[in-house]
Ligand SMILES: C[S@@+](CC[C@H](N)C(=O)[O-])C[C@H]1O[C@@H](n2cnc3c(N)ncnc32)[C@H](O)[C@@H]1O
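Below, in structure tokens: the form predicted alone, a single chain.
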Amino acid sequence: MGDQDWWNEVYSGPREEIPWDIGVPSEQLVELIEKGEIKPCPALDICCGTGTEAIYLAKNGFKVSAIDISKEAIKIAEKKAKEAEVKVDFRVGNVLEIPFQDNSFGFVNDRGCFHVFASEYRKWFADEIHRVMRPHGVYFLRCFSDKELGDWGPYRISKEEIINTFSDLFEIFGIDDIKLNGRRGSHRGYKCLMKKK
């Protein structure tokens, strides 16, 4: 959804007009970390935007790398990380060609990345996430669900689509309904925790 120029234009505009850039980590990620379900390890934040969740993970002891297709988003993220006095390895790049070696990460964080890809790219996406993860690494997905009305913005993803895309590569620990908060209210989504097979 959108090419690199489109994303750069979005992130060059006023921050308050970026619907998903709410400035705080998602409650689902906070709950996961506070419960200690994921221990600090090398982590990758995909489609990291302005770095809010990457910075949160770094503050909680993770060794964080983060990737986004928008150089403008990465510029903002690097500034925020400096202000927060944490180290994050931010990279401009495509999630379908992640610029890291195989078996690099114990945790991959995805708040709204998978759902920007059309169906023909989803298996490729899953393969690439799987490639960079360590054995038994954990992938945490949050996406718009097919219960969200309308056809603007991200693709609506069904539970069946999640299962069909990831189950060959990952053990899936449930797919739960959530509210994805944005600047213009909340949207119906899914969260899904899965472990690399």
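As the structure is a prediction and not an experimental result, all values here were calculated from the model. From 1 onward, residues are counted along the sequence shown.
What comes next is about the form predicted in complex with this ligand, which is not displayed.
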remark   = Only one of 43 to 51, 131 to 139, 56 to 64, 162 to 170 sits within 4.5 Å of this ligand in the predicted complex by heavy atom distance, namely 43 to 51
ask   = Does the trio C143, G189 and L193 actually contact this ligand in the predicted complex, every residue with a heavy atom within 4.5 Å?
value = no
request  = Answer for G112 alone: is it within 4.5 Å of this ligand in the predicted complex, judged on heavy atom distances?
outcome  = yes
ask   = Though only this chain appears here, would L32 touch this ligand in the predicted complex if you measure heavy atom gaps against 4.5 Å?
value = no
task = Check whether I69 has any heavy atom within 4.5 Å of a heavy atom of this ligand in the predicted complex, and answer yes or no.
result = yes
query = Taking the shortest heavy atom distance, is N94 within 4.5 Å of this ligand in the predicted complex?
reply = yes
